[in-house]
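The data below hold one chain only, encoded as structure tokens and taken in the form predicted on its own.
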Amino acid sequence: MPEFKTVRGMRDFLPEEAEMMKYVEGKARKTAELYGYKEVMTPVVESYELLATKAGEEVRLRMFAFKDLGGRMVALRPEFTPSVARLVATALRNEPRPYRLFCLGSVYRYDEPQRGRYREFWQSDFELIGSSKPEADAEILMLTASLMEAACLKNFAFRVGHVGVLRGIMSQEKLEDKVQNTVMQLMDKKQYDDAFKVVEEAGGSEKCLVVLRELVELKGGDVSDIVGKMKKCVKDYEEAVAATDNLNEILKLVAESGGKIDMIADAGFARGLEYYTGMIFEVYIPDLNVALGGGGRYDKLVELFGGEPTPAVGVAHGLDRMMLGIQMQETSLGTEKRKRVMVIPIKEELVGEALKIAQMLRSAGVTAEVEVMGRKMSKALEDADRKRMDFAVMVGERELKEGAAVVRDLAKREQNTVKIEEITDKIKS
């Protein structure tokens, strides 16, 4: 018989891991509720053209793409944003703005598997669509900080930049979009020398190269100081100056909101996706060299999919990376533990009564399992201990005649005969 294993880059979640994933998902849903985001659910499989448009070369190369049985080119979604933009351009086009939309689920990229990087992974995605105001960008940053705090992640910090600074310079230098995209991809990978070489070969001026080199060196935690230096550095590039002003407004609003968020402004920061037009960011914790989440402004995607010109800003959070962060930081989740009970019929003919008691407990919000293996009492109690049950309820003939059962506290090793109608109160107390 062949030994079947998971496909490379995919994994199983065992009960404990699945519980932690549900915990993180729950925090994402609660954050969506607190900020007024409505959940939408989109297909795992979308048209390749939709997903590839403005995705960036890196993402396009790593998509799980294939022809369906009708010969159409489709792919597994590598992210949620194109699907949400499609919804806004079509089914939601007449809804009032702004749209605050939220997705949660699995996404797929053919990456090289390593710590914190899989081919199937989970994201919570938040999109604020319809506003070009800096307060919309500020909300997405604040929302992300709220989620990190809700998940009990410690020492998280944001890395923030603005695509409009770099693109503003290259646009004024008359560099084509294709060249700009290549430069941004290289800068995203921190291959700065290669990026500058592309600019030079495409006809970028010496002044342009000097400014780009200076920007790459400009980063730090005093964000207002860094943004001020960015503005001086790009003073001869009108669009880039406007972009630094926009970034300054966003960061100022976040500061004024009263939340203490650690930020690093990074003038040479770029992200791989081609659809970004404004502020971009990622969030990190120490000791984990992959981002827990990231996003930014994309003002042209909805229009590209046939909708009205619609400004937008969004973020995707890596739920499994957040799980990894929680494990690394050895954070206590503080989840409310339900009492867990094993109901054991002493004889086979008492199984019906055991099922009835288990249903009574479940109706009261107590987790109840019925012994279904036909084990003897001693073995059934051993199994309850191994499963770390809190109580065992032993259903015997003699006790049933008096409308009672034996309740055993498995931690204290104490047991009492309790009236059936009082078992729930006994366990809960």
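Sequential numbering from 1, following the sequence displayed. All values reported here derive from a predicted model rather than from experimental measurement.
Not pictured, yet referred to below: the form predicted together with a small molecule.
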Distance check, residue 109 to the small molecule in the predicted complex, heavy atom within 4.5 Å: yes
Exercise: residue 321 in contact with the small molecule in the predicted complex, heavy atom 4.5 Å: yes
Distance check, residue 143 to the small molecule in the predicted complex, heavy atom within 4.5 Å: no
4.5 Å heavy atom contact, residue 291 to the small molecule in the predicted complex: yes
Answer range among 245 to 253, 153 to 161, 270 to 278, 300 to 308 for contact with the small molecule, defined in the predicted complex as heavy atoms within 4.5 Å: 270 to 278
The small molecule: the contacting residue among 105, 130, 168, 116 in the predicted complex [heavy atom, 4.5 Å]: 116
The small molecule: the contacting residue among 218, 202, 261, 316 in the predicted complex [heavy atom, 4.5 Å]: 316
